[in-house]
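There is one chain below, alone, in structure tokens, taken in the form predicted on its own.
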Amino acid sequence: MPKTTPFHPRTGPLNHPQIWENWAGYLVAPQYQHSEISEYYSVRNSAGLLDTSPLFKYKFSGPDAEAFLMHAMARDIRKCKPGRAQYTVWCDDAGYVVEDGVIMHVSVGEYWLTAAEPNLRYFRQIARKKGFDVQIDDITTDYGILALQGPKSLEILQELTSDLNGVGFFRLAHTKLDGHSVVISRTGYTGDLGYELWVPKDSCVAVWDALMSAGSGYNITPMGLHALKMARIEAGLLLLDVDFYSSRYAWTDAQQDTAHELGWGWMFKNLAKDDRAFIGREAIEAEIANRTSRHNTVGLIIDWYDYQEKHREAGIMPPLEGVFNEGTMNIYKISDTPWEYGGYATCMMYSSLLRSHIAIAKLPLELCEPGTEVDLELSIIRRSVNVKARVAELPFFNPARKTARE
């Protein structure tokens, strides 16, 4: 039987289509209304409230907690002081990405991590093999997590607490909402101003009610996974099992990516000054020194005129709203050789905010310069058709309010 999150007593009745998806064994709503567009716009114009409780949650504590994370994580956890959060990845010995997640330094020597896949055995095996004195606990069912995202998210929270004043991007606060203790980080997966709330399971319903009441004057809107996925593509945020796969389950190198190939090379810009012997370091250093990255992850903006013309040639109107695809779409070089393979896109959508069809793609280095034209293969009435697109930098959408000092 699928499990339900601690917020289900409230989210269940709000799911008007009564369609559910399975996320890590939990029932989650792909959308609460019959169209996800209004939920999407709530994030960009007001505030969307999303239940992300199915994320796996781990607590690291004990004498060697910092030393363990220095070894296991690709980014230096020493820079994540108490009261801060850090977006990070963990890699295998060959430098391929195992997974990504956000880690929070909630108190001195205690860290909480979210992950999309189960990693408890993986982390414990590393600790046992290297002899780290660290306690690693699965706290997935102890907490529910709510993502409150959008330009009005801070104003809503300020109706309930003053403890978020001055809390910057990737910082966190311990506070109370309607008398219930919560940990709130200024993080999110929408590329907008937003906060994520860790709520003890027994307080989840009360905190949901408090947020909905406080947000009633700000058009707070429950948001499902479909709207979240639209927002994350605009924000250039990658999704496991769509834009990349865990190296733990790969059969060949072609199924794996390095952090540099996924656009996360910024995590290693000060690697020469970093004295840690973290997992994958030698392979990552060799990739940098020898420039062996096979591809980069970039954005694509589909040429509207070519998109429109190819659909009209097929006798149909070019679709806009509702265009969304998570799946491989081949990309070809524009050259004298027809159908010369160049790379592939992992997802595509029509952004009504940007008024463009956009995609996230992996291309060889020679095709990654912004403005480079390529052909994106689409299916129009069951026929493969090439539509022109140009390379763009990620993210597509990056408002100043996301990181602004409040």
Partner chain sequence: MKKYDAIVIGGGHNGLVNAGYLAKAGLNTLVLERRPYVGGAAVTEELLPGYKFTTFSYALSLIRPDICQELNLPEHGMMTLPMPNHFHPAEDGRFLKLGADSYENYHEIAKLSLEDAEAMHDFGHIMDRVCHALKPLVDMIPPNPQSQEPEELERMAEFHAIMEGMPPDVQDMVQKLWTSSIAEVLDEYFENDLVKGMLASSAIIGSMCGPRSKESGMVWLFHKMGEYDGIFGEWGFHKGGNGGFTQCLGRAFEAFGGTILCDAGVDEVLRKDGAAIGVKLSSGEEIYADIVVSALDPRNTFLRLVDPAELPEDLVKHIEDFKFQGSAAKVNFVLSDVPKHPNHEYSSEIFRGFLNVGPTFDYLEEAFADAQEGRFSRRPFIDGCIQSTIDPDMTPPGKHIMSNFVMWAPYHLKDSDWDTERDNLGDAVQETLNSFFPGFNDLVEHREVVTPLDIERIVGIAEGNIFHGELFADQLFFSRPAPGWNQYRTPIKGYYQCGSGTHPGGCVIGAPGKLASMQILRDREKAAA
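Residue numbers count along the first chain shown, from 1. This one's a predicted model, so the numbers in the text were calculated from it and none came from an experiment.
The next section is about a form of this same protein that is not shown, the form predicted in complex with its partner chain.
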Considering Thr346, Thr52, Thr372, Gln33, which brings a non-hydrogen atom within 4.5 Å of its partner chain in the model of the complex? Gln33
Which one of Tyr332, Phe324, Phe170, Trp304 is close to its partner chain in the model of the complex, taking close to mean a heavy atom within 4.5 Å? Trp304
For the chain seen here without its partner, which of 352-360, 376-384, 336-344, 55-63 has a heavy atom within 4.5 Å of its partner chain in the model of the complex? 352-360
Let me test this: is every residue among Arg78, Leu271 and Asn290 within 4.5 Å of its partner chain in the model of the complex, going by heavy atom positions? no
Against its partner chain in the model of the complex, would Arg128 count as a contact residue? Criterion: heavy atoms within 4.5 Å. no
Exercise: Asn219 in contact with its partner chain in the model of the complex, heavy atom 4.5 Å: yes
How about Ile37 - does it come within 4.5 Å of its partner chain in the model of the complex, if we only consider non-hydrogen atoms? yes
Can you tell me whether Arg121 touches its partner chain? I mean in the model of the complex, with a 4.5 angstroms heavy atom cut-off. no
Counting only heavy atoms, which residues in 37-67 are within 4.5 Å of its partner chain in the model of the complex? Ile37, Ser38, Tyr41, Arg44, Asn45, Ser46
